[in-house]
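Heads up, the chain below is alone and in the form predicted alone; it's given as structure tokens.
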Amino acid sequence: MRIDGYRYTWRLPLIVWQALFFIGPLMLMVAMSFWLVRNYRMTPDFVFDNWDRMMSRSFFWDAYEVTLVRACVAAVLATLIAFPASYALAFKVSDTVRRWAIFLLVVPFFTSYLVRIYAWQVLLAESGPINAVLGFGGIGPFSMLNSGFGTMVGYMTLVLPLVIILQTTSLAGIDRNLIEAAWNLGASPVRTLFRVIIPAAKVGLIIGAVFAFILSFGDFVSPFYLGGSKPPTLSILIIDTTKSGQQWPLAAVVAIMMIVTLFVVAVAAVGAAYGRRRS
């Protein structure tokens, strides 16, 4: 077989990058999950003690359930909240307005995510501006910090601009002739939306939801600073585990379970997005 050197030369940087920054650390983490900690020092070994200890603990599965449910809720909320804005940017405004809107959606990423979360701490506090405004109407004050609501606000801060951008790009690429054909055949706007627009933009909608799930599933900042770490998520569990006697192998078990979950979700989402529609 003849090897195409030109093609593989251009692929080499990507292969090297993946090997150095993903495959290598992942293999080290998998190996570390079988090591032991003796006298606060890790000892290379090949035992299943760490897996048995973590998989048999109820607090791990409680944290796993909390993390999975919150990530699913964040993905659904981000998709539903973003769609009206994406629809308006794709079909109701000019190309110039759309480009400026996408630019403004990118602007929040110029600042640190942690700084934005600190700002939400001030806004959501019981004596903060939001409760002060609600107090004028005789409502509140509400305890929005150290709760699931605060965590979800942080998740939306992280993922919503990205989901809007992905949805807008997908919706703007729909062939307008399909929509006009649906109208000419007597389809109502609602029927056109669900039978033409959403199926045509399926890939963008699913990919946006998957990005929201992945970012929320692995986020540490929002559940820690806005959710109060109670109940803990898997990312917080990793921090707590490493602090208790340098238990890096136990933390590696949690991290591997997170990676496996994200891999399964990503593969299922890609299959749903690009799979052929059944007849």
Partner chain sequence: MRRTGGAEADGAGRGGVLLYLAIVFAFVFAPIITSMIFSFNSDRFPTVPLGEFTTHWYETAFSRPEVWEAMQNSLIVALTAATLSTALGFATAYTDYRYNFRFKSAYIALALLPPTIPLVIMGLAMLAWLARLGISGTLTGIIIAHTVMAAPFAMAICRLRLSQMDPALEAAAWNLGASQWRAMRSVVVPFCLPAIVSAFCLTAAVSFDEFVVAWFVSGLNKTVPVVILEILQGNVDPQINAIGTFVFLTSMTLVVVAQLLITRRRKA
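Positions refer to the first chain, counted from 1. Everything numeric here is computed off the predicted structure, so don't read it as measured data. Take the two forms, superpose them, and find the largest set of C-alpha atoms that agree within 1.5 Å; that set is the rigid core.
Keep in mind the form predicted in complex with the partner chain is missing from the figure; the text below concerns it.
This chain appears without its partner; in the model of the complex, the one residue of V203, I198, V76, L178 with a heavy atom within 4.5 Å of the partner chain is V203.
Among heavy atoms of A182, none comes within 4.5 Å of the partner chain in the model of the complex.
For the chain shown alone, P161 is a contact residue for the partner chain in the model of the complex, at least one non-hydrogen atom being within 4.5 angstroms. Of the heavy atoms in F194, none are within 4.5 Å of the partner chain in the model of the complex. Although the partner is absent from this view, L68 stays clear of the partner chain in the model of the complex, with no non-hydrogen atom inside 4.5 angstroms.
Annotation for 151 to 175: interface residues with the partner chain in the model of the complex are V153, M156, T157, L160, P161, L162, I164, L166, T169, S170, G173 [heavy atom within 4.5 Å]. Once the cores line up, the CA of F21 ends up 2 angstroms or more apart between the shown form and the other one.
Comparing the forms between the shown form and the other one on their rigid core, the Cα displacement of V260 stays under 2 Å.
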